[in-house]
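Single chain ahead, by itself, as structure tokens, in the form predicted on its own.
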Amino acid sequence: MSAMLLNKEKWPEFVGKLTGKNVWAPQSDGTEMRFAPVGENEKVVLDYNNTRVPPKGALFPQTETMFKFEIGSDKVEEPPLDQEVVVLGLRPCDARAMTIVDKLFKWDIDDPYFVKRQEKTTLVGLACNEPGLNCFCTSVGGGPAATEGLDVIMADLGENYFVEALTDKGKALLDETRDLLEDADDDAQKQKEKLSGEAEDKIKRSVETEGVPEGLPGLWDDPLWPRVSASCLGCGTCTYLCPTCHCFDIQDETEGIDARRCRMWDSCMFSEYTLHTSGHNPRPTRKERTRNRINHKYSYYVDKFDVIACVGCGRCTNLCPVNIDIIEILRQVKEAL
């Protein structure tokens, strides 16, 4: 299917055509935008910069039941993961983050929970016309209209959305809504490309990553780490709201004889994360934890998977309660190198 146009007046009908699937989309809860399943009376909002919490929960839920069991019994029940999911309106940086995390969840042994969700999920992205103040996606391999990880890419042209299928899953979704779409002409294509170029020009912040992955291990004892971590509260906001952070804990919860094994997001910025049973902690202070976070994203992950584990969404800078700026940290890393 070639590029299409969707008139904005038909957007509610477009969403309605997806009834029967578990549709996730950006919605306002009165104070902020967040991705959530779309209910009957809930309004999908696409006029937004980016959500506070990334939509990574569609593939990697904040808390998920791995299986249920009865204590003293061999009975085990795994939750069904067969419902189709459509994530509407996610930004290209968040879609690209899912491809980066994919490398971890399919490394060595496939993670069945992630893989099953991924197989059932269609990602419909929305290109950025107005990047945020701290966006720097173009410094780490992305862009306001990047398509990596997406099944469909949309662009806001004013009265219409420019819509283009990128994968077979994307083509199947647009086939379901074909009666609401019209062919895009050359003028629409040119307008989409013009807006994409203008959006890139609006990105004012950048980082220089050349030499950083190779050089970071040599800065292990550099005085920059106590300096950049001095104000850190250890709250974990930078990791919980990061679209590529993927650390988790696994716990068993019981109520009588009924029990479940579940996993939930964890953070390397918490002191308990590396606390040994012996009482020893190899990362005893925020200095070591900050150093690990930067090394993991910009060195360890690159060494293992040949990609920086950061998409430049700016959330960690925007939402840090003490204004720690990852771009400033990386500037000091480059200076130290």
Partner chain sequence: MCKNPYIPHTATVEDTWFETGGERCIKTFKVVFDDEKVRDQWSHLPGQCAMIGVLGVGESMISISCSPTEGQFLRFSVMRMGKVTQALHELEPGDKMMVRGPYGNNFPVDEWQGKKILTIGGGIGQAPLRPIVEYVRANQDQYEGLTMIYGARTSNDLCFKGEFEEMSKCDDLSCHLTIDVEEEDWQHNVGFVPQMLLDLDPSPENTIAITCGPPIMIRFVLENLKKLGFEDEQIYTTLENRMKCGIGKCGRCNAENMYVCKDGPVFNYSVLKEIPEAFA
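Residue numbers count along the first chain shown, from 1. Just so we're clear, the structure is a prediction, and the values are computed from it rather than from any experiment.
FYI, the form predicted together with its partner chain isn't displayed, but the following is about it.
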Select, from the options 22 to 30, 281 to 289, 307 to 315, 44 to 52, the stretch whose residues sit within 4.5 angstroms of its partner chain in the predicted complex by heavy atom distance.
-> 281 to 289
Even though its partner chain is not shown here, does it sit in the predicted complex so that T63, S229 and L233 each have a heavy atom within 4.5 Å?
-> no
Report the residue, out of E200, D111, E84, D156, that has at least one non-hydrogen atom within 4.5 angstroms of its partner chain in the predicted complex.
-> D111
With the partner left out of view, is V76 within 4.5 angstroms of its partner chain in the predicted complex by any non-hydrogen atom?
-> yes
Within a 4.5 Å heavy atom cut-off, is L133 in contact with its partner chain in the predicted complex?
-> no
Can you check whether E164 is within 4.5 Å of its partner chain in the predicted complex, heavy atom basis?
-> no
Does K169 reach its partner chain in the predicted complex, with heavy atoms at most 4.5 Å apart?
-> no
Can you name the residues of 222 to 247 that have a heavy atom within 4.5 Å of its partner chain in the predicted complex?
-> H246, C247
